[in-house]
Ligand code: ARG
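Have a look below at one chain only, the form predicted on its own, in structure tokens format.
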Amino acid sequence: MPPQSNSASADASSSASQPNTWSQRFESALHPAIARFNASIAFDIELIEYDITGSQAHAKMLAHTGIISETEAEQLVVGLEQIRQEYRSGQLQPTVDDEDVHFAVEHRLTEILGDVGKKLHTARSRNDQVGTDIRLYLRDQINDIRQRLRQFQTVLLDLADAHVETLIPGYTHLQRAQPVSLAHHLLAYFEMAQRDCDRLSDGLKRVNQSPLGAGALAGTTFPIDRHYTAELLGFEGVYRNSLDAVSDRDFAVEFLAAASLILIHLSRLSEELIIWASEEFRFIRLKDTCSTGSSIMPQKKNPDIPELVRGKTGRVFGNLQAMLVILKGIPLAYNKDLQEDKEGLFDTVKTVQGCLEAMTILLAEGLEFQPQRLAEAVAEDFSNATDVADYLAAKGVPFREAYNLVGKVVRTSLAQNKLLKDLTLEEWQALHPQFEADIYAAIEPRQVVAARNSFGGTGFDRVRQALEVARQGLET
């Protein structure tokens, strides 16, 4: 067994007995205000169970490579598990004197085991330790968010199933464009959520790499086995460069960017729900379980959930921007700036989880679409004008000529305060001899939607196929 590092033991002893004194290099403790400023325990306590798990793997590796004895490793693992249970029960409550979660765990372990506890930090630095903890944490949170996205997608599919032949106005520039199947509209958000899942899955490959064993920045003189700890912790691989291992936060940026896109998609849906719930639209009715009222206007029912999601999107964007700014100017390797990587990351995780849960409940239980109002909406505009041009083009009239003619038809109809369906056959034929009695069927809203059976289109048959494919995708 290689001899133990005196410096490592001294460091552990010092941190356990005097958290503010780093080693014999320092003659006095930190100023109390600086200690508070320097401490991260208030937020990195979130990592305590991941720190314990990583430390247990590190202890097993130290025994596996003969750096400590099997008995010592077993004592460390059991002691760490005791700390986990103490934390869960509320018995262990670290304070600012512990500075960070790593010292808090090591301090308590030394209280439990004495000198054996001081051996845990052999061949390890807080730099690779915190990098490991964050990755273990984020790996779990990404998997949780992916599951929440799946639940959100399932609710979207359930709603879409119920509304394949419900029509809704489709918009461009927030102007009536063409009617579509409501299911088709909902499936657009399903596809956005699918891309969100795919992005998280791809980013998980870079989260799931172990920095443990990189040390402070240059590795260690001890004969450690980094692949062994990586395997114990379920990592897919290890960082090949120790400098990169302790300073890399690319994976966090990727997650924050993916989270920002999730919130963009939820915010876009939120905006539509807010509009649809308005008295001017009345496309949906909000249920009491997912809306609130006004303190002075008793008639109101407010769309609080989508408004909050729309508002919370900004804080996630801000967390991404903060991470980018933290990273942009720091030299290799670890710098204290990286302590600021956690609060925004934790906040983003909780915000995304909360928004997905709230929106899933809202769609599943908190609103009802109003098919009759939607049918009225698609029947009271000129969103079938393109179909008139298509009608003529199918009869051999060049499309651009047909397009210009339909513009004239719309102008004439507006002047007469009529919709296209209100024109007589004589009026149609006066505009172009190719118009026949079947023009009325061609511009009927349901036919307008049903006819759009190109791949990815809103035709009812295509939508049913898309639903089937989406269901199959969720089941795999």
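Everything numeric in this text was worked out from a predicted model, so none of it was measured. Residue positions are given as counts along the sequence shown, with the first one as 1.
If you look for the form predicted together with the named molecule, you will not find it shown, but the lines that follow are about it.
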* Contact of S40 with the named molecule in the model of the complex (heavy atom, 4.5 Å) -> yes
* Can you check whether H184 is within 4.5 Å of the named molecule in the model of the complex, heavy atom basis? -> no
* Can you check whether V130 is within 4.5 Å of the named molecule in the model of the complex, heavy atom basis? -> yes
* Hey, in the model of the complex, does D44 get a heavy atom within 4.5 angstroms of the named molecule? -> yes
* Asked: Just one of 223-231, 338-346, 175-183, 366-374 has heavy atoms within 4.5 Å of the named molecule in the model of the complex; which?
  -> 338-346
* Here the chain is shown alone; which of D100, D196, D387, E106 has a heavy atom within 4.5 Å of the named molecule in the model of the complex? -> D100
* Heavy atom within 4.5 Å of the named molecule in the model of the complex - the one residue of R148, R126, K312, H265 that qualifies -> R126
